[in-house]
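Next up: a single chain in structure tokens, the form predicted alone.
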């Protein structure tokens, strides 16, 4: 991932959180890392002037209180947040969720594999995308 740029993970599953942290460590990605358990907490974090602005958001869809689709609707309507790239990282392969996610402007949609080595490859793909992608300032 781009050096020094914060990563925000919005995920409620403890095992998946640990897998993301482990994959970042195994890929030697040392960016500041922030985690929120649901969309409401993530929105509060993003709207807090004292919070660092993440340069990428990794987002699960199936969460309590505010799911990923609801979260996307909020940030894509917010002038200050809408350009932060969001990559869906979920177990849901449902076509309607994919279509709705892309309609809401996500940068990518990745299915979380069960096997850790496959998951590591997904994270490597996200990192490669992130390292080569040019985004507005």
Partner chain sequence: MAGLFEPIWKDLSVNKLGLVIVLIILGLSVIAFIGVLDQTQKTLMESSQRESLSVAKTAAGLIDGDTLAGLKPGNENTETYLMMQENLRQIRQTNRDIIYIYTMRTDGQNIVFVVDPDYNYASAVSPGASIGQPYDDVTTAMIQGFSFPTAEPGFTTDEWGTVLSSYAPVFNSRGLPVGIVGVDINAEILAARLLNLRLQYLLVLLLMFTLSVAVGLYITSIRSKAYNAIKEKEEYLKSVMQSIQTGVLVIDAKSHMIVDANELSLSLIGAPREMVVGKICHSCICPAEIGKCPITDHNMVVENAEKILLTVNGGKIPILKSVISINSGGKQLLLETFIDISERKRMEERTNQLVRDLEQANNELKDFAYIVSHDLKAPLRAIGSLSQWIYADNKDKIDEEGKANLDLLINRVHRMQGLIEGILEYSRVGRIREDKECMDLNIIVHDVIESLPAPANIRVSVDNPLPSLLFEKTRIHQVFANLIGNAIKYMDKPEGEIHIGSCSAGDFWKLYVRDNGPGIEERYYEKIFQIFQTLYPRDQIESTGIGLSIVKKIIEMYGGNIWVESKLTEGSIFYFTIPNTYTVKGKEP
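Just so it is clear, the model here is predicted, and its values are computed rather than measured. Positions refer to the first chain, counted from 1.
Missing here is the form predicted in complex with the partner chain; even so, the following discussion is about that form.
- Within this chain, residue 127 is remote from the site of the partner chain in the predicted complex, having no heavy atom within 4.5 Å.
- Residue contact check for residue 112: one or more of its heavy atoms lie within 4.5 Å of the partner chain in the predicted complex.
- Shown alone here, residue 99 lies farther than 4.5 Å from the partner chain in the predicted complex, counting heavy atoms only.
- Taking the partner from the other structure, the partner chain in the predicted complex has a heavy atom within 4.5 Å of a heavy atom of residue 94.
- Residues of 4-23 placing a heavy atom within 4.5 Å of the partner chain in the predicted complex, in sequence order: 13, 15, 16, 18, 19, 22.
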